[in-house]
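Starting off, we have a lone chain in the form predicted alone, written out as structure tokens.
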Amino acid sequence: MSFMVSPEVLRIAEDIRNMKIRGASYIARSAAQALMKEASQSKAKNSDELIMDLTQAARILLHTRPTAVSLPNAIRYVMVRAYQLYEKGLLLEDLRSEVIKVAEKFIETSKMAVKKIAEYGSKRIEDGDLVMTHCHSTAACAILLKAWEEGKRFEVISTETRPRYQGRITASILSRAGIPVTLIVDSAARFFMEKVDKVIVGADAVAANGAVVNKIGTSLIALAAHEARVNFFVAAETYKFSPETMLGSLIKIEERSPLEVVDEKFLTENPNLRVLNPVFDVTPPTYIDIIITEKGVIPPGAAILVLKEEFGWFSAVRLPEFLKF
């Protein structure tokens, strides 16, 4: 029997885990790509073995990053359809081919979603704006790049986003496009907020009540924006909306190694010191003006309607049993 995942799946899983692959959109597409690789490279001798190989690959991928809802949603998209095809009795090569098509469709749909978000979001950018952003979001960057391509002229403040400095990626991308960018340390966000016209960030997850899980520090920036009466926009594809939250489940906040914050020498010299490194925080819907999705611009309170449309009220909102240990 097969039941051995391909080395490519293990590589992608490790790259997601250690953040070589980062950003909810890239994580989702990479997960779908990994399942596509497993389908094409599996040494299964029949459909039963192929579906078991895919299931094992899905389980490995699921446990790489606990907070990024795009990951289980991408896996759910591919695997539910894979099992439906399997239950129809498709033979090995037909099943292999169809699963590859399903994964390719998810990847293409994900890319198209970013383009739609850019089109809708760019309408919110005006000449002379000073826009603040935090961390690195493909969707948020796409909005700013689209607005610039449309001829609007504005400036951007990008936080460094410590401890892994993803904000520097954003600053570099926008700067290379010709957009004037100022890079600041995270703790200076409130200092500059009084000059800001709007804030645009991405999301790693959106809950049923409209709360947004994003890079640590987002909620503080949202609070500062709320205090200064600055519009706070979130750019998020609908596959980042968490169906589990419809049934009361909480989104788990990932914690990473303290070595991302301090070095080994510092820890050794301070053995009684505890260093915590949460990756994300939760921004309440009251601090969010709009969420820009590929299906349109919605208020946070409409998140539940998006989830209803995508997943139904209670059907198939949890990860299928075959993906659980």
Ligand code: RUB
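We number the residues from 1 along the sequence you see. All values derive from a computational prediction rather than experimental measurement.
Keep in mind the form predicted in complex with the named molecule is missing from the figure; the text below concerns it.
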task: Could you confirm whether residue 37 comes within 4.5 Å of the named molecule in the predicted bound form, counting heavy atoms only?
output: no
query: Counting only non-hydrogen atoms and a 4.5 angstroms cut-off, does residue 304 reach the named molecule in the predicted bound form?
result: no
task: Considering only heavy atoms, tell me if residue 136 and the named molecule come within 4.5 Å of each other in the predicted bound form.
output: yes
query: Should residue 10 be counted as a contact of the named molecule in the predicted bound form, where contact means heavy atoms within 4.5 Å?
result: no
- prompt: Among 220 to 228, 171 to 179, 185 to 193, 201 to 209, which stretch has residues with heavy atoms no more than 4.5 Å from the named molecule in the predicted bound form?
  reply: 201 to 209
query: If we check the named molecule in the predicted bound form, which of the residues in 262 to 284 reach within 4.5 angstroms of it by a non-hydrogen atom?
result: 280
